[in-house]
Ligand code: ADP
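First, one chain by itself in structure tokens, the form predicted alone.
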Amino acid sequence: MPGEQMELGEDEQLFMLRRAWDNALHTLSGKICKVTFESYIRTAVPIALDGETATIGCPSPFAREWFKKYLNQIQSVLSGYLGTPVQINLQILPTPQDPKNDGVRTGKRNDSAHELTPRPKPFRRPNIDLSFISINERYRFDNFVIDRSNRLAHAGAMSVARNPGKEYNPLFIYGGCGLGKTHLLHAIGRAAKDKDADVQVAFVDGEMFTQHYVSAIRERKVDELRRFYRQVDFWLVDDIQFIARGEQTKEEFFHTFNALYQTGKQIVITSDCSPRELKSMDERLRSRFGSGLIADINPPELETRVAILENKCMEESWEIPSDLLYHIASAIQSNMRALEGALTKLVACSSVLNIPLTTDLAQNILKDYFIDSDATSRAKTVPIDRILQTVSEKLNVSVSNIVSEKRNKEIATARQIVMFLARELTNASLIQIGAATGGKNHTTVQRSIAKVESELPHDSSLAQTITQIRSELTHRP
């Protein structure tokens, strides 16, 4: 009737919500930390719009908790695109399940009768010293922080967990110590078990496999060990480089690999170097490693390292100031296990000694983590006022403008470079850097540093400018 608002059907409402959500994502991508946005906001799905309530689905409880941190901001942006205020109701998206046939493994055929075969009996462990790495419940796909340094490895791991033996077999992941290779192996094993509780997962490392084989030889049970290994569905092998010591062990590994590969069982291998760099391995093994997907993991960027620490804080319900997280993430760059260890020790020391969480305490803790110790000491005597003066001269922007509230592009860029270099070349906290650049709060400093870091790989002019300024600051007497 005239003067009355037409009521929309469910399909039209959902269409409106989806269109508004797409627009909201575009706006939010510039307002929320990139790693958080890509991992926990973009992965959410609009489900329904009912009056003033928009239902959004999150892929996991962990993702929902992260979404809640930005709920008010997201509701405001989404309401703007819908043209009416809405409240967001968060739901957990159901996990896709494969159809199951009673006691029957779909697609498995008996070679002689060409019929579907019943599920194999549970593992019958050989009567020898045989142990496996237990799947760690804390290492899951939903708490693995993704960035460009590990995106391919993560995507490959997700794929083999969903479709074992189909797309990427074997999956070979390599990279330095503490970058997340073992995390992905645990996540694959956990996801496989969640999908099918009866799936057989064998998780070993190179040294453990060697011990299994030596024990089998000593007790004359090699055939029993072989039969056992050949009945697994997922063979997850961590640190393959440690297998390369004995010729017989490598020979046994080769035959186990072939047997599992030829029967379509999923093989995932990690190493500290690429297959072609495993010089002590036979060429036939290295060529087989390369027949599937080879994915490397590199040290993550600062923003990602901070996100890893934030994940840890959320899981443990720790309240840690952002400037301390940045301080730890700046000091430890190439080992995420050490990164989390430093945070844990910081919290433990604060609790046991009943002293506040401070930058000085963090600095003392970091002395025990030698991995990137140079990052905590190099060029730390550069005063912030000298950084301000050098950037001012290089970019022809006055110091008074840099520390002002002005936001035009030239001044904002100079201010961001000062903050970035102050974080790198001084012991100052984010709060102290903000105070030295005109009383900016630590969140502004944090975002400025993150912006410079995100642009450096793509802006050669910016990279060259920062390199020149850094060189002048660290070499000038």
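Small disclaimer: the values here were computed from a predicted structure and weren't measured. Quick note: we count residues from 1 along the sequence shown, nothing fancier.
Form predicted in complex with adenosine-5'-diphosphate (ADP): not shown, discussed below.
- T249 falls outside the set of residues with a heavy atom inside 4.5 Å of adenosine-5'-diphosphate (ADP) in the predicted bound form.
- Not displayed here, adenosine-5'-diphosphate (ADP) is approached by I308 to within 4.5 Å at the level of heavy atoms in the predicted bound form.
- Within this chain, G176 lines the site of adenosine-5'-diphosphate (ADP) in the predicted bound form, having a heavy atom no more than 4.5 Å away.
- Using a 4.5 angstroms threshold between heavy atoms, F289 stays clear of adenosine-5'-diphosphate (ADP) in the predicted bound form.
- Of the candidate stretches 275-283, 204-212, 349-357, 133-141, only 133-141 contains residues with a heavy atom within 4.5 Å of adenosine-5'-diphosphate (ADP) in the predicted bound form.
- Between adenosine-5'-diphosphate (ADP) and the residues M336, V160, L236, L343, the one pair within 4.5 Å by heavy atoms in the predicted bound form involves M336.
- Contact annotation: of the candidates Q75, T182, S330, N169, the single residue with a non-hydrogen atom within 4.5 angstroms of adenosine-5'-diphosphate (ADP) in the predicted bound form is T182.
- Of all the residues from 257-284, none has a non-hydrogen atom no more than 4.5 Å from adenosine-5'-diphosphate (ADP) in the predicted bound form.
- Pairwise change in the predicted bound form: M336 and Q446 C-alpha atoms lie closer than in the shown form, at least 3 Å.
- In the predicted bound form, the Cα positions of G57 and R447 lie at least 3 Å farther from each other than in the form displayed.
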